[in-house]
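Here we start with a single chain on its own, the form predicted on its own, put down as structure tokens.
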């Protein structure tokens, strides 16, 4: 199972692995979620969170609280954890940690370009960007009129530059092209991250290839479902699928020709790991698919902590913390809008 990394891993990675495992023990448990789901107001949620690692981030917030404030402060905790680990990391762990943030960079680029198209204020858009995906020249994205300008003026100096070369063919920026740009960038990013992990070898390669393959397969399913009934051709759809994962290549061939959700289901049920996900859904239903995928992802991320001497724990911790923030946002929204009956609809328990 292990190569020689067990001998040398702790020289550079031991301290940070201990730190990340400590952070993991601070994630909210099922008991915490049950308490949070019974809260009547956002101040009750703040009170329950005061006993957790989020306590110090929320303690000085005045009433009345807003959902955005809770999410913002919880995200700040994630960002500070990440920056601390990045400061302490040596190569190749530092590069691995940087790779984790590229997904947020892509989302930020797409957010600002879309907002600019719809003539939104750049400052307002910057406030909505995820702090993990910020880079120096992000504010100047607003001046770009087409893909070439976007690349030449802004992205050429960012880590996304190599991924962007595939998008430059689409000239004008419009809503359809922007979604294609997002998915093309994500495809290139996942493939690059996958190759990097394979190069690291050992337990890191084994665990990360499983986690990234799952991510690639989930994206393939989402792209298929979202492009049903649009003008995206089968060939264009296939170009957006990543060239690895359990579905590659035969599942991609079948997904590319799917015309409705039940055909997608038929393809996915041929793959044993995904049978359980689709078994939770009734026919023709796709609303609960995201939650089913998140639950499966959380299960896999928790398993990453069962082994030692690999970098997968850093990826797993960041993803679990992001899932926790999504849970808190959902609970807070349900409480704020007085929709307590729906509070369990989208909460994914982590432990």
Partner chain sequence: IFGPSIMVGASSSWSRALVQISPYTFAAIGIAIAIGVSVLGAAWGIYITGSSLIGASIKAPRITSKNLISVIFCEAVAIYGVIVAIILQTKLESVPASQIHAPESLRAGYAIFASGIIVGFANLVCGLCVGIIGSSCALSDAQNSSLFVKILVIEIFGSALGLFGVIVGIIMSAQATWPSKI
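Positions refer to the first chain, counted from 1. No experiment lies behind these values; they were computed from the predicted model shown.
If you look for the form predicted together with its partner chain, you will not find it shown, but the lines that follow are about it.
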Is residue 309 close enough to its partner chain in the predicted complex to count, meaning some heavy atom within 4.5 Å? yes
Would you check, heavy atoms only and a 4.5 Å threshold, whether residue 25 touches its partner chain in the predicted complex? yes
Decide whether residue 329 counts as a contact residue for its partner chain in the predicted complex under a heavy atom distance cut-off of 4.5 Å. no
Given that the partner is absent here, does residue 322 sit within 4.5 Å of its partner chain in the predicted complex, heavy atoms only? no
Checked 32, 53, 61, 296 for heavy atoms within 4.5 Å of its partner chain in the predicted complex; positive is 53
Which of the residues spanning 251-281 lie within 4.5 Å of its partner chain in the predicted complex, based on heavy atoms? none
